[in-house]
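Below you will find one chain, with nothing else, as structure tokens; this is the form predicted alone, and questions on how it binds or moves follow later.
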Amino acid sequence: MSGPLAGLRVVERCGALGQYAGKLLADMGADVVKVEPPGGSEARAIGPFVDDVPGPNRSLNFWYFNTNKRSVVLDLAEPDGAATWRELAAAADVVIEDGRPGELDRLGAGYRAVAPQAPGLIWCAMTPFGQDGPWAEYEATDMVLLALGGAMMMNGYDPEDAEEAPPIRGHGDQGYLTACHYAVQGILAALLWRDRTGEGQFIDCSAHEAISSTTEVALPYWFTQRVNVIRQTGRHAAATRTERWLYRAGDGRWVLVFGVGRDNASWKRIKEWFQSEGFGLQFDEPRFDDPLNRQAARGSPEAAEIFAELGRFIAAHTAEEVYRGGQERRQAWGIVRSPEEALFDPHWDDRGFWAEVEGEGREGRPVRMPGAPYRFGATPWELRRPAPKLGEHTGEVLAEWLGRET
């Protein structure tokens, strides 16, 4: 076993909302045991599936979110199942669960039932809206959380791009994943506290609050100025309409630019590049020398001129020329790539980012999926095991953790 969390025991009872928190800990080396009902976690029913054939062990979505975990099947509605759950939880360092508030307590399997046996236990309960408050029992999905948390209101199009367009959501379960990142931060901080004091604790992680706290400038604008930000195509929401960041190149592809010559050294390089091809000849005028005049969202006529010229410059080149040329001049510019372009980018291969896993229906034909987006110098990330089959490790874990004969 490798990873900085090797030796840490985690019990996870999560579906789509909380399972990523378990994966983050498992990928850092923790021994994460996923406890599932007899029919399996609801997350096993999320597609796509291997060869488009559904099955509890064929969800590719489940495969990604459950690498490096083991699966144990317990029926918590039965006394024996609830008793075994309490034993597993008491033997763990951390419990992560995403049931409804009070659900496990009603089964005699909640924090209050386990904590007296395990004073150092850290129990992280993830819910859409928290353990209490008027919305505590409300239903939600990832999309509903993004809508209620404010993130969706900030994402959409400029009126000239799509008049009267409604807000849109960010894809990729961003609501769930944001909540999981906060949950893991809370767990790691609680572990540090336990190292100093020996005390465990209960963590109430609200996905709604996690999402609401990641709305960039929206909350500061409202709290300080009572101003709502407006949606903008392909760039940050802002209090006023700002210059575009997305431009179509001569080959029809889109390029995203984050600023132009934000410091004088890079401005000189960009200006020379433009002018060598006959663009921006007026940029030698002193009024362009002040970086503040060149920045987007300042409302200056100089910025408007620069971005208009930038659009003409990009239209006269391929996206690759703009991207590479901009990066050579220290500009944070990039191409809007399709998924397959990103998948085969040699940069990721060079860094060894991808991992390959096998599973039911893909024996001998591994599936490529993201590895770890970080590198530990002393405790390298490792794909120790693929996502578990339903109940694959029930006997193994009960023997290891509870000393039961299999």
Partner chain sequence: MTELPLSGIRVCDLTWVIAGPTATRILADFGAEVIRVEHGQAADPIRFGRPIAGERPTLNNSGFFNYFNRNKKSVLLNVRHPMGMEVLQRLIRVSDVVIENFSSGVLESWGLDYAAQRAINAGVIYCSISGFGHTGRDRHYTTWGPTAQALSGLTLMSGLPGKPPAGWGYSYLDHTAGYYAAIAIMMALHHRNMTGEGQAIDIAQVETGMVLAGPAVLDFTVNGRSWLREGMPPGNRAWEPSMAPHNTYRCAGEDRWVAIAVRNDAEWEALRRAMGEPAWAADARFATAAGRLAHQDELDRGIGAWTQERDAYQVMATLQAAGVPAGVCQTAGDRVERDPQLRARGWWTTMPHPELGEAGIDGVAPRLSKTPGMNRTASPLMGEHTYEVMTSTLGMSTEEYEELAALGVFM
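Numbering follows the first chain given and starts at 1. We call the rigid core the largest set of C-alpha positions that still match within 1.5 Å between the two forms. Since this is a predicted model, take the numbers as computed values, not measurements.
Only in words, not in the display: the form predicted together with the partner chain, which the text now covers.
Q: So, in the predicted bound form, is residue 40 in contact with the partner chain at a 4.5 angstroms heavy atom limit?
A: Residue-level check for residue 40: no, no contact with the partner chain.
Q: Is residue 130 close enough to touch the partner chain in the predicted bound form, meaning at least one heavy atom pair within 4.5 Å?
A: Residue 130 belongs to the contact set for the partner chain.
Q: Though only this chain appears here, would residue 225 touch the partner chain in the predicted bound form if you measure heavy atom gaps against 4.5 Å?
A: Contact check for residue 225: yes, within 4.5 Å of the partner chain in the predicted bound form.
Q: Should residue 333 be counted as a contact of the partner chain in the predicted bound form, where contact means heavy atoms within 4.5 Å?
A: Judged by the heavy-atom cut-off of 4.5 Å, residue 333 is in contact with the partner chain in the predicted bound form.
Q: From the list 83, 136, 265, 281, which entry has a heavy atom within 4.5 Å of the partner chain in the predicted bound form?
A: Of the listed residues, the single hit is 136.
Q: Could you check which residue among 234, 108, 102, 291 gets a heavy atom within 4.5 Å of the partner chain in the predicted bound form?
A: It is 234 that has a heavy atom within 4.5 Å of the partner.
Q: Among 186 to 194, 301 to 309, 84 to 92, 272 to 280, which stretch has residues whose heavy atoms lie within 4.5 Å of the partner chain in the predicted bound form?
A: Going by heavy atoms within 4.5 Å, the stretch is 186 to 194.
Q: Relative to the partner chain in the predicted bound form, which residues of 312 to 327 have a heavy atom no more than 4.5 Å away?
A: Stretch hits, in order: 323, 324, 327.
Q: Is residue 269 one of the residues whose Cα moves 2 Å or more between the shown form and the other one, with the core superposed?
A: The answer is yes; the displacement is at least 2 Å.
Q: At a 2 Å cut-off on C-alpha positions, does residue 132 qualify as shifted between the shown form and the other one after fitting the rigid core?
A: Residue 132: C-alpha displaced by less than 2 Å between the shown form and the other one.
Q: Having a change of 3 Å or more in the C-alpha distance between residue 155 and residue 298, I'd like to know whether it is closer or farther in the predicted bound form than in the form here.
A: Between the C-alphas of residue 298 and residue 155, the gap widens in the predicted bound form (3 Å or more compared with this form).
Q: Any idea whether residue 26 and residue 340 get closer or farther by CA distance in the predicted bound form, knowing it moves 3 angstroms or more?
A: Result: closer.
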